[in-house]
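Encoded as structure tokens, the following chain is the form predicted alone, with no partner shown.
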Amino acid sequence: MSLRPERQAPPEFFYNETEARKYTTSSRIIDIQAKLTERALELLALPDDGVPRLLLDIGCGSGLSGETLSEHGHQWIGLDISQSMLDIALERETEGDLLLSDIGQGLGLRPGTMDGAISISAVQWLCNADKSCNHPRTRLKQFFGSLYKCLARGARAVLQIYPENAPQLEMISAAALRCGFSGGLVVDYPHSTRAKKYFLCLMCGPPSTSTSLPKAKGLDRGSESEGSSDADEEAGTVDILERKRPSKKQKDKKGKGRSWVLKKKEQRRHRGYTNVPQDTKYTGRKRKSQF
């Protein structure tokens, strides 16, 4: 099974110990994980006072990102859903404490104990409705609610994600805001299709004038802008709290019959919406303009 150079495979991929070991020993993957973790630590903006912090590594896998945290002198707790990956982390004698956990069911940590949190390509998998019991919005609410509780007041969380599309990115950001976080999205190399990276930078507590989002990298179409396209013109830094929603376009309902309505309803069910009406013989029926 092939892996894209910049992406982490879904959690189900790691249920096989052989494939998990192959992933962990790949020099390319090790290098990518190290670079992403370094960038996450930079965005975390921890005080440079030499005091080690207790950090949370969400989706730690086999401990590749945790090694970078240890190199910077921090203590860490790693959470992952894959037993195979955690077994390899134990074999590699990583320095962090490891917990087998489904973050979509909450983190289960004591309130106010963590000085910060990072995640490398894990949170977007909460949006997968691969089982009938998995509702993306519910799982995001459980995750962000428990993350907010376990962080110390004023602490930050930096979540590197690979959203499938704009609606998924909006769903993740909105779930974080509803749980009390402030902050926004930092997009490194926004004009590149391959080097582009999304970092959701969250602050535990209400927004203040003293805290501002870090500046994104590659805004000047630098050396890593190869393969850029005209469609990749997002701003490098997006403040969630000050973002203005675009005005809704007038929908053209001409020619949209029963099949179109059924298709849209099925799409909403797949995305985890629970308030989609049941299909009946009246679905998509034409109605008179007036009684």
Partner chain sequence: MRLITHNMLSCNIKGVTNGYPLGIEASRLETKESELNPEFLRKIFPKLEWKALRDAAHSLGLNDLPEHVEPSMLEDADFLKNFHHALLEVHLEEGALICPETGRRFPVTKGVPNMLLNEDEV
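From a predicted model like this one, the values you see are computed outputs, not experimental measurements. Positions refer to the first chain, counted from 1.
The discussion below concerns the form predicted together with the partner chain, not included here.
The candidate spot formed by L44, G59 and G63 lies out of contact with the partner chain in the model of the complex, as no residue has a heavy atom within 4.5 Å of it. Although the partner is absent from this view, P167 stays clear of the partner chain in the model of the complex, with no non-hydrogen atom inside 4.5 angstroms. The partner chain is not drawn, but in the model of the complex it has a heavy atom within 4.5 Å of D97. Within this chain, L90 lines the site of the partner chain in the model of the complex, having a heavy atom no more than 4.5 Å away. Interface residue remark: G180 is not counted as part of the site for the partner chain in the model of the complex, having no heavy atom within 4.5 Å. In short, of 171 to 179, 70 to 78, 118 to 126, 191 to 199 it is 70 to 78 that has heavy atoms within 4.5 Å of the partner chain in the model of the complex. Think of it this way: in the model of the complex, the partner chain has a heavy atom of just one of M114, L140, M203, L185 within 4.5 Å, and the residue is M114.
Residues V51, P52, R53, L54 of 36 to 54 are found to place at least one heavy atom within 4.5 Å of the partner chain in the model of the complex.
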